[in-house]
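Starting off, we have a lone chain in the form predicted alone, written out as structure tokens.
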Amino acid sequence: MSSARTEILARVRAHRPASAPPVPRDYLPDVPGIDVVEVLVDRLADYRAGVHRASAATLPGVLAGLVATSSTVVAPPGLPAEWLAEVAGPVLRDFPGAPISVADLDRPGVTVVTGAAVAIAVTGTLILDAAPDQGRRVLSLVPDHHVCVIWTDQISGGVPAALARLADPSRPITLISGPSATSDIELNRVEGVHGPRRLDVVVAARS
């Protein structure tokens, strides 16, 4: 290492604080005065996601309709069995000891059904945090069709409020705002480049 580089790094280290400075987190913790459900639905539709309404009682029927044309339905290990009770075709569970291969997830006609940890209304974003009803990140990134269930009481107005609701902030998270898309080439929107080409979101009320 050159002497100049050594000296520069020594000076930087000499001025480095002994501990991380506190970061204020009291800025706009949430967005007051909005209907978080309606705002989320509006944003998701604007991102070209399919948005569907359900109650706890109608959820199995809504999900069965959304996956009716799928060749295979994939579910994470902790997805409630009753959610898929009306699905007519095969359902594959992705268990930690027997994970579904990327090649199988990438086959035509595969749909994955997951839950979500929380949603952010103002940005139209779903957050998945690898909880048992959401599974590995690869499940929501490889199949061409993702169906995601979000309960209305899981929706927060803004980003800080949503992040504060994560059960374990150290888990890896996946943020989803609409189907995968890019407009990098000549500003032409192309969907399904880095993830699912189809995203259906079921906004469900528990009663």
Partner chain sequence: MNGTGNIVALRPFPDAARLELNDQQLRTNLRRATHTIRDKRLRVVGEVDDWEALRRAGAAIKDDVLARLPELLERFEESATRAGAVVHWARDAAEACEIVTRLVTGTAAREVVKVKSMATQEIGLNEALEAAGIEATETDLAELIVQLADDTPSHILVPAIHYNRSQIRDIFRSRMPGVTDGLTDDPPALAEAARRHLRAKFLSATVGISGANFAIAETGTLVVVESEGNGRMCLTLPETLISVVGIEKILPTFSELEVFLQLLPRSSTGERMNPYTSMWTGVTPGDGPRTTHIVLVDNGRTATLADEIGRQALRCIRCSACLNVCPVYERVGGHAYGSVYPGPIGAILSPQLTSSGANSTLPYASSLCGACFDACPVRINIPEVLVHLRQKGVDAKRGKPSAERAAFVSLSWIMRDRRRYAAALRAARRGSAPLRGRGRLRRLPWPASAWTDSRDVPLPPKQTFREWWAKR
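Residue numbers count along the first chain shown, from 1. So that the term is clear: the rigid core is the largest set of C-alpha atoms that superpose within 1.5 Å between two forms. In this text the structure is predicted, and so the values were computed from the model without any measurement.
The same protein also has a form predicted in complex with the partner chain, omitted here; what follows describes it.
Enquirer: Are any of the heavy atoms in A130 no more than 4.5 Å from a heavy atom of the partner chain in the predicted bound form?
Expert: The answer is yes: A130 has a heavy atom within 4.5 Å of the partner chain.
Enquirer: If we define contact as a non-hydrogen atom of the residue within 4.5 angstroms of the partner, is W151 a contact of the partner chain in the predicted bound form?
Expert: Contact with the partner chain, no.
Enquirer: Is there a non-hydrogen atom of R93 within 4.5 angstroms of a non-hydrogen atom of the partner chain in the predicted bound form?
Expert: R93 lies outside the contact set for the partner chain.
Enquirer: Using a 4.5 angstroms cut-off on non-hydrogen atoms, would E82 count as touching the partner chain in the predicted bound form?
Expert: Because no heavy atom of E82 falls inside 4.5 Å of the partner chain in the predicted bound form, the answer is no.
Enquirer: Looking at A64, V51, A181, V37, which is the one with a non-hydrogen atom within 4.5 Å of the partner chain in the predicted bound form?
Expert: Checked against the cut-off, the match is A181.
Enquirer: Of these, 84-92, 71-79, 121-129, 108-116, which stretch puts a heavy atom within 4.5 angstroms of the partner chain in the predicted bound form?
Expert: Residues of 121-129 come within 4.5 Å of the partner.
Enquirer: Which residues within 149-175 place at least one heavy atom within 4.5 Å of the partner chain in the predicted bound form?
Expert: The stretch 149-175, when checked against the partner chain in the predicted bound form, contributes V159, P160, L163, L166, P169, S170, R171, P172, I173, T174, L175 at the 4.5 Å heavy-atom cut-off.
Enquirer: After superposing the rigid core, is the C-alpha displacement of G195 2 Å or more between this form and the one not shown?
Expert: Superposed on the core, G195 moves its C-alpha less than 2 Å between this form and the one not shown.
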